[in-house]
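Only one chain comes next, encoded as structure tokens, the form predicted on its own.
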């Protein structure tokens, strides 16, 4: 059926259709879609498509030459009088740099890791259990942690700013059209590196600088070159895993505080099972829906003893990857390639941890708690990256798993009693959480699923305190902490937007 028109959008109107998966698949092949979402709350799934129409209200063809956004205009900043130092080349740093160039300001980026092509080689070694490069891995390097951990562009952030512009910039540098209209947009870890590379090439072409394999060990000095914070603004976009940088900031008197974070495990099911649980359709309709929107995902949340237990970074058709940045811990995360077509579905399953849950008043105590649990996981796995694992139902029932199912985690897994060694306030809540999720989706709690330890890098445990209006550090004028590492974002898009906002604040000071 068809809803009322939604009003003008640029030069044309839009209209929303509510269709079956089969009808929506056919419509998307013909029409110019500007928004798409799937309603899976009822057994009869519906797809909401908003499409462009002409003056007579007829849908416009998919290949119609109608621009949907104004492309960016980048200035030549080779000889710009104003410069800004950016520490970190993740989404916050890169989008800050692009925004500065739009305003005629030269960005100078320092990134501890390697450029994205060289970074791929270190990640391949990591997946083969052939060693960890602490400066070039799933956490560090050009593009940040999101580059090789799925590339999801969905955000629940209510931050002020133009989130759609983030999507438009991704599209401008090569992301598929779906990022402009899909409710849960996704690029994929196989496609995102080339997009990041094009962003880098744009920055360099217009006069920006990028210095790779350059770890900033002091706010006063980089590679022997003195940084004057009062004279040159610094955008601090370090990412959530730069634990050594947090310690440097604390030693140099930058105001920090412990913030809430989450820790738990990574769970993996057969994707076919998740499709069956989430898509309430016969096989023919289910296959048609998968053609349209891909393999099913889920978003689960419950409350257990006053703390949230929830799924995080769900990767349909994905793989579990080793996501640590030091050799003395075991950390897992998830990713999906663009087609999301592996036979596995994985998700972080984490428990909310508040600052008051960790004794003491050290602003770095949450970070140290993360590290402690990562080391514990490694003692129950096997160095360098073999992860401890347990079948999900065995974990809930408090039983040892005699064997383990096939798993996407390339370094390998070994049986372990996660129910015994996870801290009780995490393990017990996870056990009840899995029971709650199974009540919502019967069959979710199964020994076909396996859980791996530990998922500890879902967000930063530290916040670099900044002024709400100026976005500058309250203790260090001229320092602009932003992104996930500053504790003000939670993913690629919100980090990118935070970087844009920091750049706009600096540009406005002219």
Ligand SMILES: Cc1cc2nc3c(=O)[nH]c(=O)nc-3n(C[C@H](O)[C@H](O)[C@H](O)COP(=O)(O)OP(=O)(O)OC[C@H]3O[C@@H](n4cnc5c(N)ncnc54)[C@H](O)[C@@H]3O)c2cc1C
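Residue numbers count along the first chain shown, from 1. These numbers come from a predicted model, not from an experiment.
Not pictured, yet referred to below: the form predicted in complex with the ligand.
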Requested in this report: Could you tell me which of 272-280, 412-420, 347-355, 91-99 sits within 4.5 Å of the ligand in the predicted complex, going by non-hydrogen atoms?
Outcome: 91-99
Query raised in the report: Any chance all of 176, 295 and 297 sit within 4.5 Å of the ligand in the predicted complex, going by non-hydrogen atoms?
Result: no
Query raised in the report: Do residue 377 and the ligand share at least one heavy atom pair within 4.5 Å in the predicted complex?
Result: no
Query raised in the report: Would residue 395 count as touching the ligand in the predicted complex under a 4.5 Å heavy atom rule?
Result: no
Query raised in the report: Should residue 21 be classed as touching the ligand in the predicted complex when contacts are defined as heavy atoms within 4.5 Å?
Result: no
Report task. Please run the contact check for residue 215 against the ligand in the predicted complex: heavy atoms, 4.5 angstroms, yes or no? Result -> yes
Query raised in the report: Pick from 196, 387, 265, 145: which residue has any heavy atom within 4.5 angstroms of the ligand in the predicted complex?
Result: 145
Requested in this report: Tell me, out of 430, 234, 330, 321, which residue has a non-hydrogen atom within 4.5 angstroms of the ligand in the predicted complex.
Outcome: 321
Query - Sequence-ordered list of residues in 106-145 near the ligand in the predicted complex, where near means a heavy atom within 4.5 Å - result: 110, 111, 112, 113, 138, 139, 140, 141, 143, 144, 145
